[in-house]
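To begin, one chain is listed below as structure tokens, in the form predicted on its own.
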Amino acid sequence: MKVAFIGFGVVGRGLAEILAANREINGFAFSTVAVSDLMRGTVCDPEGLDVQVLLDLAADPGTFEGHNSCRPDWDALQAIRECGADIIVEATPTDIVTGEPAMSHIRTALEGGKHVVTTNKGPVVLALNDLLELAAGHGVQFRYEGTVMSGTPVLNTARRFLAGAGMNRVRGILNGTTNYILCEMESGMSYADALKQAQVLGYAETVPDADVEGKDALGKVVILAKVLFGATLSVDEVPCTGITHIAPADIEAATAAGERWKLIGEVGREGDRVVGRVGPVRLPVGNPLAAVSGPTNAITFSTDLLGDVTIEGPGAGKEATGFALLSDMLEIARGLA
């Protein structure tokens, strides 16, 4: 199958490195025919591009200028329309307010009869049902497994393997940055020092607001509400509090009570409504989520038939996010096969 990348930052390169190292994956071969990146430019060759060469050229602050397949007059939308790809990998930065530019990229691809895989939360938060209908109307698939907990298979597990179990609530550690900071504070660090260390290690952005104010987890809660409960929650309907107000005294009080602070995103049924929330919670140390340390994510599905089922795994990172995209590509390939 022919693949085109829209966005070639950390996420896109994570998948590209997997494809460069594997000529065939689970019996399927993927040929990269185009890459379009706002900062690096656009390259396209319907016969296939050497992914490793592109990775070398894209090494920060590299560009595709000078590559013999460079298309300096093409933007991302033109690349989507004219590259001849079967699958578009949408890997541009997330915006859960407008969904752009990913929303336009995804709509253009689906309208052109191309499958789309993405880890971009914006379009899924804002227009999941519309995009699924658009995909179905054009006989293609829109897949987004990596929008929640990255490479850890949360959405597919819940929809496929817990179907019929009677899902009533989902709660989890959906942001690794805040979990790392809270764990370091438990070991004696101040919030400021823990945040600085998270930034040095690459867990937190230079401007960490989306993580520490709970906005990243908020987007994932809305996606879980839509996918697992069929709810039409918006980000404005979900109360959201971050961890910036938690002080060392709060950590000490929780420790003395045999508890740990975790930033928890949750969604579930309350009567005939589906409600969600994001905020710091003190969990007993015996709770499976309380034992999750570092930048790891975890989620607990509460069901009628099985009780609680907890999954733990990486929720961010180049390799994990690249794998999430690959898993969706393989699902598309298997369906067509």
Ligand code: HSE
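Treat the numbers as computed from the prediction; the structure is a model and nothing was measured. Numbers follow the displayed sequence, beginning with 1. Heads up, when I say rigid core I mean the largest set of C-alphas that superpose within 1.5 Å between the two forms.
Not on display, but discussed next: the form predicted in complex with this ligand.
- Not displayed here, this ligand is approached by Asn175 to within 4.5 Å at the level of heavy atoms in the predicted bound form.
- For Tyr203, a non-hydrogen atom is located within 4.5 Å of this ligand in the predicted bound form, even though that partner is not displayed.
- Among residues of the shown chain, Ala16 is not one whose heavy atoms approach this ligand to within 4.5 Å in the predicted bound form.
- Taking the partner from elsewhere, Arg260 is found to have every heavy atom lying beyond 4.5 Å of this ligand in the predicted bound form.
- Comparing 176-184, 236-244, 137-145, 155-163 against this ligand in the predicted bound form, the single stretch with non-hydrogen atoms within 4.5 angstroms of it is 176-184.
- Scanning His105, Arg171, Lys114, Lys220 against this ligand in the predicted bound form with a 4.5 Å heavy atom cut-off leaves one residue, Lys220.
- Of all the residues from 322-337, none has a non-hydrogen atom no more than 4.5 Å from this ligand in the predicted bound form.
- Core-superposed comparison between this form and the one not shown: the Cα of Ile181 travels 2 Å or more.
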